[in-house]
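To begin, one chain is listed below as structure tokens, in the form predicted on its own.
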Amino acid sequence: MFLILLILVQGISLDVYDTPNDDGSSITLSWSSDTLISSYQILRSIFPEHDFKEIARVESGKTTYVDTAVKAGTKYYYRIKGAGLDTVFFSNTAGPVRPIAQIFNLGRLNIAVCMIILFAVILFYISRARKGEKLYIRKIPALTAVEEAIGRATEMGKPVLFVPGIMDIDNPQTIAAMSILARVAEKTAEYGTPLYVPTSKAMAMSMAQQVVKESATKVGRPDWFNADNIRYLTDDQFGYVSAVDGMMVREKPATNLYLGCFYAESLILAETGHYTGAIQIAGTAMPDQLPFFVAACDYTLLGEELYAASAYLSQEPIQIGSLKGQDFGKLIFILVIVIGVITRLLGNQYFYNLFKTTR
């Protein structure tokens, strides 16, 4: 009788361990059985000998289970109760095991390698740019036309309108727009051309005022700066658009710059500017709004060109090196993806042919 019970106990062999590459929120159970089991009951306790409670049921044929209802740092013990045809089997008591958050997810090691390569390439190009080496960046027609458009406004004696989108300064597109605004403010200050910057956020107004003031001081024209030309209108989306359109109709700026994050107001702004006869240069990373700007504006910055604009206009070594390094890094990522796809396809074909041959 004792021998029979021993065999039954050894019918299920259980192993438990902390799930690798996670945040300490799960424990993995793995077991094997040399008997016919119809279903498994997963039992768990914080004590090694008693108080085991069922936490899940697993169908026959499965040999793993991941327990996600655990607390990091707590020790757990596990057993498995298996139901046979006429007999109940119990596994060994496995544990203690304590879930712990791993510092590194080794399953994403490939991403870490790619990021290291990207940073290395960026630092390499920044170093080259700082040494005075001229790095090639393709010409962007919309940015090349900015100075020409400002010059046209100066010749006509009309102002320049700069619309930095409708989002606040925590939006990357707004930050990119402010970088471009700095360059536009330098040119308008040099030429003595009025610059209007209506904003829909109070913080964006403060940032725009500071940017324009610093640009005017940089070119030796602090007297040109007029804080009243950089104003807050309203947070309401279409109220803001109505106010800007009214400014276009009244002031009739010769150049309109729409750079930043835009939504449904993009076409309304561009149509009004086209009606007043202004040169219009737009740029946004919002894919849904790009067709409207392309149709109604003279030049359009497409997607990432908006983020590259500040480096393109300023020619600052760190920004130029970063831009060049990111472009080269993208090329590396594309090559890695292509090589991975080809390798996978060749591997599948190899195993298919091997299986076909063995048949």
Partner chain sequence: MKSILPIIVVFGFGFFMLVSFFIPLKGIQDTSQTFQNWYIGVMAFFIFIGIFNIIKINLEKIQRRLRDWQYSIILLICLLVMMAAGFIGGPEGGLFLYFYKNVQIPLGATMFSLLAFFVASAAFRAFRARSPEATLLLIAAVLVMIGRVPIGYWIWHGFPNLVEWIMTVPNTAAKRGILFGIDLGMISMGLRVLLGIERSYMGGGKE
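Numbering follows the first chain given and starts at 1. Worth saying up front: this structure is predicted, and the values here are computed from it rather than measured. For the two forms, the rigid core is made up of the largest set of C-alpha atoms that agree within 1.5 Å on superposition.
What comes next is about the form predicted in complex with the partner chain, which is not displayed.
> With the partner left out of view, is residue 92 within 4.5 angstroms of the partner chain in the model of the complex by any non-hydrogen atom?
Replying inline: No, residue 92 sits far enough from the partner chain in the model of the complex that none of its heavy atoms falls within 4.5 Å.
> With the cut-off set at 4.5 Å between non-hydrogen atoms, does residue 168 touch the partner chain in the model of the complex?
Replying inline: Residue 168: yes, in contact with the partner chain in the model of the complex.
> Heavy atom to heavy atom, is residue 18 within 4.5 Å of the partner chain in the model of the complex?
Replying inline: Answer no; every heavy atom of residue 18 is more than 4.5 Å from the partner chain in the model of the complex.
> Are any of the heavy atoms in residue 250 no more than 4.5 Å from a heavy atom of the partner chain in the model of the complex?
Replying inline: Answer yes; at least one heavy atom of residue 250 falls within 4.5 Å of the partner chain in the model of the complex.
> Which one, 187 to 195, 145 to 153, 168 to 176, 75 to 83, holds residues whose non-hydrogen atoms are within 4.5 Å of the partner chain in the model of the complex?
Replying inline: So the stretch in question is 168 to 176.
>> Give me the residue from 220, 96, 287, 157 that has a heavy atom within 4.5 Å of the partner chain in the model of the complex.
In response: That would be 287.
>> Need the contact residues for 298 to 336: heavy atom within 4.5 Å of the partner chain in the model of the complex, sequence order, or none if there are none.
In response: Those in contact are 304, 307, 318, 322, 326, 329, 330, 333.
> Just checking, between this form and the one not shown and with the core aligned, does residue 202 shift 2 Å or more at the CA?
Replying inline: Superposed on the core, residue 202 moves its C-alpha less than 2 Å between this form and the one not shown.
> Rigid core fitted, is the C-alpha displacement of residue 120 between this form and the one not shown 2 Å or more?
Replying inline: After core superposition, the C-alpha of residue 120 moves 2 Å or more between this form and the one not shown.
>> If the two forms are fitted on the core, does residue 227 show a Cα displacement reaching 2 angstroms between this form and the one not shown?
In response: After core superposition, the C-alpha of residue 227 moves less than 2 Å between this form and the one not shown.
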